[in-house]
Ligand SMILES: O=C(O)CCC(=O)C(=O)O
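One chain follows as structure tokens, the form predicted alone.
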């Protein structure tokens, strides 16, 4: 079993390890007070609607929330964290001018949940381009992730696109990490949620960042009300998709970069 490399809080180190291994952990990045605020924002929505996404893939003992920026303004400081932006710059901007949030989901694996099926997050795109990663993911531990409570299972090196059916248990490892840490993995890396054998939930926040010329997995323009989107600073709105890609793709009247008049 190959463990996940752990590096210092530095985007160069994290991006290099991510590209080499398909996954990397940076420990203890987000401060406890920020995590507390985000968890408090999630509690009501988790209890009210967290189980509406249950199915064979998501599990039946796992609460999920989509449209994170509609639920928690504090979460913007995690979604747009400088470390995440630095890693995304180094990995994604090799193949695009700008990148966007593809999706953002809070996941609370409750006691008794089993292992999720192994998968690749970017498999919903209908094609692949050799040498191009369509997205990266950042999974934040809002509570401690342990091998017992469902820490994310990852197959290091699986960005080689080996068939998932060929993966054996000895190729898997788990992203055990303290609260406030972040697991980065490539969209092509095989992973899954883990089994929770404890009596307490394990809560994480996973956000994908996709190339700016790809369609987002989650339609932020509809899932986050416009009046809520307008309360966020410019750099967060841009991550949500309120920007063009270059001079020609996604331009609109009032484009803050003036591309509408250049098109």
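All values reported here derive from a predicted model rather than from experimental measurement. Positions refer to the first chain, counted from 1.
Only in words, not in the display: the form predicted together with this ligand, which the text now covers.
Contact annotation: residue 64 falls within 4.5 Å of this ligand in the predicted complex, judged by heavy atom distances. Within 4.5 Å of some heavy atom of this ligand in the predicted complex lies at least one heavy atom of residue 152. Among heavy atoms of residue 193, some come within 4.5 Å of this ligand in the predicted complex. When this ligand is considered in the predicted complex, residue 147 lies well away from it, no heavy atom lying within 4.5 Å. Listed stretches are 106 to 114, 77 to 85, 164 to 172, 92 to 100; the contact stretch with this ligand in the predicted complex is 106 to 114, by a heavy atom cutoff of 4.5 Å. Taking this ligand as positioned in the predicted complex, the only residue of 167 to 186 that brings a heavy atom within 4.5 Å of it is 185.
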